[in-house]
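First, one chain by itself: the form predicted alone, in structure tokens.
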């Protein structure tokens, strides 16, 4: 699933190619990915011009004139690709936007059809998912991060994955951040010392910034708007490296399950806390 760096990379790429463009026509090949009926979706966007493109957590927000907002969550395999109109359309392309001026298209492609595109008008309330998002992982201060963690008795990894607590992080960057801060994913959030939280915050911000500069992490389907893969996978230290040796202590990286998610840790650098919180479980 695209996380904050991938979504931010997509947003920056879309800004360069879409601001000021008009949607001349919309073709919906699969209504499953829409939050609206396809006819209403097309009618709302055809003839509308793109004014701004932003991000909130893992959501992409494309603002049009006419007081319209296209809200997209890519989920597991969603992609926005800019391609020439004459390029063949594959079976996984579900929405096609013809752009003016020029002879290009923006295509929404999604192998598993888990992603969603929906349009909001000025007459509609903000969708609950956006209202319920926690502070952005790139924007929260170290002090606010510490205060928020002190109020939670949950294991740190499932908490960091909870988008209502902190928005933008996913499995890759949580595993990498906890490893570099030397914190076990089952450590209870309110048991972390201020200095540990400061280190976690520093590493989290640094990793996200580095991943954005590398245009994200591609481990399977992620591509930028121009079809370019990310490059941060070359710098991963634990994620996807089960059985390989830790670059710090030499211990073999382990993969387990924490809060139902595949989790990569180094047993040498991230010792299990003496009293892990009861709700989370770990298994080999």
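Note that the structure is a prediction, hence the values are computed from the model and not measured. Residue numbers count along the first chain shown, from 1.
Here the subject shifts to the form predicted in complex with the DNA, a form of this protein not shown in this document.
- The candidate site formed by 182, 237 and 269 is entirely out of contact with the DNA in the predicted bound form, as no residue has a non-hydrogen atom within 4.5 angstroms of it.
- Here is the short version: of 66, 40, 247, 32, the single residue with a heavy atom within 4.5 Å of the DNA in the predicted bound form is 32.
- Within 4.5 Å of any heavy atom of the DNA in the predicted bound form lies no heavy atom of residue 215.
- At a distance threshold of 4.5 angstroms between non-hydrogen atoms, residue 232 is out of contact with the DNA in the predicted bound form.
- Using a 4.5 Å cutoff between non-hydrogen atoms, residue 255 counts as a contact of the DNA in the predicted bound form.
- Using a 4.5 angstroms limit between non-hydrogen atoms, residue 3 touches the DNA in the predicted bound form.
- Stretch 153-161 is the contacting one of 81-89, 97-105, 153-161, 191-199, since its residues have non-hydrogen atoms within 4.5 Å of the DNA in the predicted bound form.
- Residues from 55-91 that approach the DNA in the predicted bound form with a non-hydrogen atom closer than or equal to 4.5 Å are 58, 73, 75, 76, 91, in the order they occur in the chain.
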